[in-house]
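One chain comes next, on its own, written as structure tokens: the form predicted on its own.
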């Protein structure tokens, strides 16, 4: 990649119509985002070269946390170096409140790495299956034990949303906790872009989520928002937070600007939803299965890897880049995966559909 990711992106020296990655709002190369990063680079250098347990906090990091509080309407926010760490930070912060971990069998790598970290028993249940979760809870928990469910809010390959209301109903019988890795939900889902829980209209002291700023918000780093008690514990007792160097300062400043832009311009989310609906409708007309959720991801599998790689190459010859992936949650042969951005025009989406129709 030789340009910022956007509706048009330069790959190996050639400009393509780009339907890959996760730059849902085209903010990664937004001039205001870039300028904010450059100004911070000149003022603060690369980063503070120490953890936030020492002298590592600076104005750029604090601005990200202030913007997160404003965007999510929460009391406090903790900002750390990578979205990959989100589930780990959450699991460690809540470790004294649960006795066993229950994890979707197709959970992201970061959740798999997290699950064993607190030293509690870990059990897997069938993908997006509340009934199997109920069976596993009944079989695996002993009297008085409290479960912690870990799952993606939106699964990265097919863009399917976890059935959180059904999970909450099952977990209520055990006074259980639910933690979402909402990397693909925050910024996109919900009336205000606050993610999967807002999408379902859910709010409870037993519902938690972590997110990333590297996708919808055009920046980098992970975060958790919530009540002061939770964030205070993260800042004082979670090794993954207090023992790591924070996000590079120019990137933090750029990230804060990305959050501000998405907060001030809800019409960007409206455009993304229109583009998502238009793309999915067009793909269904070609015989490709696509749900009607506002998640801007569509993936499908074909009989062989060779067939899918051939389609990807044909599209690239026509100047269109889409992803072929073998990733967590994908079948053995892999998938072709499309993502649409708010910055794609109707004409660009139409061109993708026309070229796909010729190949398929």
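It should be emphasised that the depicted structure is a prediction, and the values quoted were computed from it without experimental measurement. Numbering follows the first chain given and starts at 1.
If you look for the form predicted together with a small molecule, you will not find it shown, but the lines that follow are about it.
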property: Listed residue (84, 71, 208, 200) with a non-hydrogen atom within 4.5 angstroms of the small molecule in the model of the complex; result: 84
property: The single option of 156, 193, 118, 246 touching the small molecule in the model of the complex, heavy atom within 4.5 Å; result: 156
property: Distance check, residue 212 to the small molecule in the model of the complex, heavy atom within 4.5 Å; result: yes
property: is_contact(residue 161, the small molecule) in the model of the complex, heavy atom dist at most 4.5 Å; result: no
property: In the model of the complex, residue 94 touching the small molecule (heavy atom, 4.5 Å); result: no
property: Contact flag, residue 183 vs the small molecule in the model of the complex, heavy atom cut 4.5 Å; result: yes
property: Candidate stretches 250 to 258, 265 to 273, 102 to 110, 142 to 150 - the one whose heavy atoms come within 4.5 Å of the small molecule in the model of the complex; result: 102 to 110
